[in-house]
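Shown here is one chain on its own, the form predicted alone, set out as structure tokens.
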Amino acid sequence: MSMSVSSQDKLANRDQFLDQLLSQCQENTALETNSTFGAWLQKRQQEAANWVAASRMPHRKDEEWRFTDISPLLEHQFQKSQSVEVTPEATRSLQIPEASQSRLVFVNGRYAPHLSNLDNVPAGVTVASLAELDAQQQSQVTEYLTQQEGGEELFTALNTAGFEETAVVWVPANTEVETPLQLLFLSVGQETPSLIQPRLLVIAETSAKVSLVEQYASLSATSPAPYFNNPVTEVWLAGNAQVNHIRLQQETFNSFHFTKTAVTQAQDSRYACYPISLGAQVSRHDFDVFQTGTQVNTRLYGLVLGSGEQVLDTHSAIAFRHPHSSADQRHKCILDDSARAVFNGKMFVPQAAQMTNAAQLNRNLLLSQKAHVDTKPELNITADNVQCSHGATVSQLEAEELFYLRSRGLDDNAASNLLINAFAAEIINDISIASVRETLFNTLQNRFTG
């Protein structure tokens, strides 16, 4: 006799899953809690834990989650990840040549100094683990760490309640970091499902300039058991600061990756981000940008590659609050097999944000009949003197274009790859680091062959 699970039982299971996750968020062990900063951090983490305890797991009945089924996540009982030894040779393929001497590495959320190399970081620029900062620096960090808007979002609060260490990038005023910085967050799966919660804090003071690569990767295509990576990144730009931010998500295909990126931009600042999502069984990226001054410029150029039965969800929000600012968002998805992508991009233009120039475009390329995308670009405008546009397209490879390329001597794979590369090139070619561009084009070449 078959039996069905009642809705109440399913909700109870979700609550139990959240309680179990919260139980893994133990007291911070990376810092002395009897210090002033340690006591402050402990208080912030307890506040976040209380928020999580009063919350519930999202469901497809919730508007913000209605296209994304996270039930595969609930099938596992995740335990706090353990320290793992990784040799420098094992990470060599993940090293970015342009950042060979400006690299900070974390393994399962814990700082790995033997894998890091900071010889080329300019004097006065801080690239370090939070625990390495002196008392004065830690006191200054309290103005920024966990202070971004949206910290009450469930998975963000879960990270705040349980992160052990934080990667800190602090660029002083009027300082330009000429070589890119690599922040490598390496995930090593274990014999039992594990919970990993890295954190990154980036502060660019007045007229500072920096490029960084935030990279989430593993050493193999699959791990012994699934892991749940739940990172949070906070980026602060002071007046006239410039940050060029490349974000690579290259997790194993049996993992889960839920992340929050929150950015605050002051007057005259310029922020460009390239969020690239390649891995994970289910991934979710919540991306919030808050423009808190005039003459602010934001560029978000995202790319998603999905195959198999991957689910890749991107939710973004750009909030304008002052006049004479701009934003350009372009988000592209390439999906094969039964992969599914979600895009929900919001732009808020209130009455105070006159003379705003905002553009948002989501383009999707489906390579199979079973691939699926749910797209929902949104403009929320109450200002009356703006230039704003948004749109979305869903297409397949054109038979006429494939026929033309075959008639010029290309086989089926070469013809398809050429069109796929051309579709992604608008995003990839805009990335300033040559080795990252090459890696992404190589990934395209290998991902959709056959």
Partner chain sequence: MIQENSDVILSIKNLWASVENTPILKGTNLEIKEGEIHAIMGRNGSGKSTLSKVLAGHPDYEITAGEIIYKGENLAELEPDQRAIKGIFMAFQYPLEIPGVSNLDFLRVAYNSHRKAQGEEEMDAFDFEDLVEEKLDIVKMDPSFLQRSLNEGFSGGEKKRNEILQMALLEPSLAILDETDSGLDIDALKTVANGVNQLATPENATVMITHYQRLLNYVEPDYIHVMSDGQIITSGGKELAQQLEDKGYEWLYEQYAPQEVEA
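Note that this is a predicted model, so its numbers are computed, not measured. Numbering follows the first chain given and starts at 1.
Not on display, but discussed next: the form predicted together with its partner chain.
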| query | finding |
| --- | --- |
| Stretch in contact, per heavy atom within 4.5 angstroms of its partner chain in the model of the complex, of 418-426, 43-51, 56-64, 386-394 | 418-426 |
| Distance check, Leu410 to its partner chain in the model of the complex, heavy atom within 4.5 Å | yes |
| Heavy atom of Ile70 within 4.5 Å of its partner chain in the model of the complex | no |
| 4.5 angstroms heavy atom contact with its partner chain in the model of the complex for Ile381 | no |
| Neighbours of its partner chain in the model of the complex among 391-405 [non-hydrogen atom within 4.5 angstroms] | Glu400, Glu401, Phe403, Tyr404, Leu405 |
